[in-house]
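Listed next as structure tokens is one chain, alone, in the form predicted alone.
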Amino acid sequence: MLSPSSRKRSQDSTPADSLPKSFVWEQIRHLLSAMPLSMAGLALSSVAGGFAEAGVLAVLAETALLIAKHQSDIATTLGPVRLHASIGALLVLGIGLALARLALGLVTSFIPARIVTSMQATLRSDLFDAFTRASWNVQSRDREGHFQELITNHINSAIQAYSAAAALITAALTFLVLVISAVALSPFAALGIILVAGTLAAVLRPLGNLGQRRAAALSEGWLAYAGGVNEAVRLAEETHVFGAQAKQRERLDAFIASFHRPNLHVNWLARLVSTVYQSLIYLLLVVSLLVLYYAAPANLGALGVVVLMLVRSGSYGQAVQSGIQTLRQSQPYVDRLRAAERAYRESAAPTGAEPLGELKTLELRDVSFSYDRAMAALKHLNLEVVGGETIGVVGPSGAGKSTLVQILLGLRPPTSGEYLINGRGVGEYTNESWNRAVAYVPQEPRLLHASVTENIRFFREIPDDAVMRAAIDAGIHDDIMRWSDGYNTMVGPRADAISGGQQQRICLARALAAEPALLILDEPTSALDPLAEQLIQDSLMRLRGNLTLVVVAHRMSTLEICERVLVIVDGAVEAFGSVAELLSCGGYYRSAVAASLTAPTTLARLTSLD
């Protein structure tokens, strides 16, 4: 049910100037809070791996120098460390450090993979949880394919931010270790590394900003494309019938073309950052080596270690820059997902405190509803129904019948007026008791791709005997028993075809399975053949008096089971009374009966009144 204070929020765009300025740090902080042990393990293994790599580089440089000088041992100073060893000892030490670096590399590879898969599952679970808790008012405003795109491609793009954040931590910590090691060897080396990293960060920042803007445009394009694809699938049958495949392809091609350029820019910029970084780092390394050579040429071993550290730090600096670029390009997806989840969660109405027991009265008191505040869909409706009554609702297309159904189901709150159950506002009852008390059969039957039993049960704890009893009441049990697998028969979209009448009666059984107090049917027989219509009519006749029944119908024959009929025209009540009263007083109902050729009983009544 909805709270009357629910407010409309846009989920379709996130202005660039509203995005957080410290997105990179925000993602890292989010990972630290979400997975502290994994992040601590990643940090420790990265630091240890960095020192192991620095040691391997030192051993490589000194061993290469020994081999070049044809010496068998070495006695030198590397920063604060006094090194005195044979070439054999250096090689053993190098192998040990390399194996340690390998083992730590396995850890720093596994932890990010675990972080990414866990965060991906969490994002999908949280978004779907928020969507299912959202009000119908918000869900119904989503564009076609909007949520499907968010929970698939947008999450896949957003998860790159978490992957990049984990990689960024590893690269940054290893880079920092190499800087510290270089400081120990030569302050000039550290200065060179910092100079390279700072210069490249400044040069590449404009490319990062451009990539972020193009990623935001790409996000918009993906949403529009997803809506077009979803619509094409839904209308595939009509497209074939009308021979509109070529125009449908043109329409989808237009969607593809709309995000082709931003997609090209995003991919190009991601590669351009790496290319520019590699090209500039070689230039800056040569300059740094020139400075180092003139500053401290005496210790060739230390100079060799510094050279290797400069090269390796350049690689890690590139990884840091790539991580930042990926994070910034992922930002529009992350922010759009957060905005959508926030809007879904904020729209969920709090549950009331009172349990709903027996439904004694249902009342709409001066209820009006408007979708856009400009034109009212319903105007000052007043309706009183006693528990156990069977009420019909009729009116021309666009009169407000579907809106009335959604209000009666608690899906939309009235814009003004009150909806009362047993004299109390509907929002005062717990959601759980309300959901048990109310059931619905839509005009278009919607089945799960699952067994008949699971379709009737519909994710609720309903025993098999209650499922069968509901099928009997809905008049579908005999049909089910004739199917080869009985209640285990798979039905639903793309499953073995069953008739529209059978699908509708399965939906009716679903509505009856939990023994509701209020059952609302929206045009239950509008698309059925006369035999299927009669079976639904027979089922409804058996239900009369056992629950409160509201039937919205265009077919006059469907309304003959109703004790009273509500006539809505232009969003307002034109008449409310028995079939005989409505026939005698004229108006829309009488005109609709006169136009109907499928309700001989009511036509006979009309003739007798004339």
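Residues carry their position along the shown sequence, with the first being 1. Owing to the predicted nature of the structure, the values given are computational and were not obtained by experimental measurement.
If you look for the form predicted in complex with a small molecule, you will not find it shown, but the lines that follow are about it.
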statement: Exactly one of Ala98, Ala399, Val491, Ala184 comes within 4.5 Å of the small molecule in the model of the complex through a heavy atom, and that residue is Ala399
query: the small molecule isn't shown here, but in the model of the complex which of Gln248, Gln502, Gln443, Ser451 has a heavy atom within 4.5 Å of it?
result: Gln443
- prompt: Any of the heavy atoms of Trp268 lying within 4.5 Å of the small molecule in the model of the complex?
  reply: no
query: Can Met375 be called a contact residue for the small molecule in the model of the complex at 4.5 Å between heavy atoms?
result: yes
- request: Would you check, heavy atoms only and a 4.5 Å threshold, whether Thr403 touches the small molecule in the model of the complex?
  value: yes
- request: Give a yes or no for His554: in the model of the complex, does one of its heavy atoms lie within 4.5 Å of a heavy atom belonging to the small molecule?
  value: yes
field: Candidate stretches 390-398, 163-171, 424-432, 461-469, one within 4.5 Å of the small molecule in the model of the complex by heavy atom
entry: 390-398
- request: Give a yes or no on whether each residue among Tyr371, Arg412 and Glu523 has a heavy atom within 4.5 Å of the small molecule in the model of the complex.
  value: yes
